[in-house]
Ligand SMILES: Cc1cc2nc3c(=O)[nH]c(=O)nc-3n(C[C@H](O)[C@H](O)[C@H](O)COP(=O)(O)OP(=O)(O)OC[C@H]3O[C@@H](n4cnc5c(N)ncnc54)[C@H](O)[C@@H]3O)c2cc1C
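First, one chain by itself in structure tokens, the form predicted on its own.
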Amino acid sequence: MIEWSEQHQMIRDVVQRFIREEVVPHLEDLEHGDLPPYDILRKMFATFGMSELARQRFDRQVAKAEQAEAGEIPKEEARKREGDGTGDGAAMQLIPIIELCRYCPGMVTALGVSTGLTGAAVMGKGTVAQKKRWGLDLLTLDKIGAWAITEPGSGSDAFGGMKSSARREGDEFVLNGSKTFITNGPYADTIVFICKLDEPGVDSRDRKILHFVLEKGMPGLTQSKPMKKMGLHSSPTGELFLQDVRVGMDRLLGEEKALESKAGEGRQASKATFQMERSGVAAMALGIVERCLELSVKYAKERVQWDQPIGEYQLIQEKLARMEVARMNLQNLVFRTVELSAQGKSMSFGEASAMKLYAARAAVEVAMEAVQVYGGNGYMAEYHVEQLARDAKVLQIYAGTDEIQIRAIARDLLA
């Protein structure tokens, strides 16, 4: 794939129009955290038939899972990614991400965690009954989801430093712990809570990782108010506190099989979710870079110093040229993602980490250079590049810091 098809471009045009009409007028309220993004996202889903596409994908996944459960097809076949030969399905998912990130990257984070991470966890690890109970509502945005793994004392060492626990009492589990930096945490209807099984005699770092599905209002579950952040103000982030939350086996993703699994399998399931999240960062970065470049070129033509537009100066031209190189590279990474999806394939964990590392660094570099092109104006909140610079920075932090990506890439190369 070397360029967007005519159909893809038509989709981009209508998505851009929707964003100009439905997102841009509310940027101020979204940016100040006064307006949660979910109603606008649901309207986008309805406008472009994304809810119906999600429903169709859900039906196919459940049908395969039922066949696998009945022994009609191998379980590996049920988990196999679908390829449509064209990549149009992937393009339809990525184009709104790119276009939203040109104006409001936080909305993409809120959307991705709900339909992507949380929905994927349920659809990937849940039984057929659990998929039907929670999966569809998450994939269609009828319910808002949160994927709760990060804790106050365990950032990059997510599993080793995890303190949240599940103690088994007969047919029930008692959950305790706290989570922080949880996207959608303040408003989530459905929460995938990741914790360690309380296994006496087993070293804390070696205990099984379990995934439980919780719902807003459960006794003992507290969802904090939105936290104040440097950027991504349109993506509500909060803390979760669990004190003796009692749940049945039906809320443990995978149920009894999750308890019978080996200690590392829960970690692998979460790792697969990380892989998907990292792959999406390239599309986010592309949207940010495209918008920063567009604004910088416009400003370089209009801003006059010493009787000529600043775009006539070589130092400014170099900045614009580097931005264009980053845009081309990111676009090619997105095209590769589309091509792989068309064939039912995905990147390896190391490849996804490499893409995330490059994309995050490129987005931050371009956004900061855009601020530099604007000079003093770029430091003012009245100019959009200021917001994009703050929003871009988190790409180097969430879904694994740059340092963690380097470690994952090296391990993959040396394995």
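Worth saying up front: this structure is predicted, and the values here are computed from it rather than measured. Position 1 is the first residue in the sequence shown; the rest follow in order.
The same protein also exists as the form predicted in complex with the named molecule; that form is not shown, yet it is the one meant from here on.
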| property | result |
| --- | --- |
| Residue stretch of 94-102, 317-325, 148-156, 198-206 approaching the named molecule in the model of the complex, non-hydrogen atom distance within 4.5 Å | 148-156 |
| Touches the named molecule in the model of the complex: Lys75 (any heavy atom, 4.5 Å) | no |
| Interface membership of Phe181, the named molecule in the model of the complex, 4.5 Å heavy atom rule | yes |
| Touches the named molecule in the model of the complex: Glu403 (any heavy atom, 4.5 Å) | yes |
| Exercise: Lys229 in contact with the named molecule in the model of the complex, heavy atom 4.5 Å | yes |
| Heavy atom within 4.5 Å of the named molecule in the model of the complex - residue from Ser279, Ser234, Thr237, Ser296 | Thr237 |
| Heavy atom within 4.5 Å of the named molecule in the model of the complex - the one residue of Ala121, Leu330, Val113, Ala188 that qualifies | Val113 |
| Contact set, 379-399 vs the named molecule in the model of the complex - heavy atom within 4.5 angstroms | Val394, Ile397, Tyr398, Ala399 |
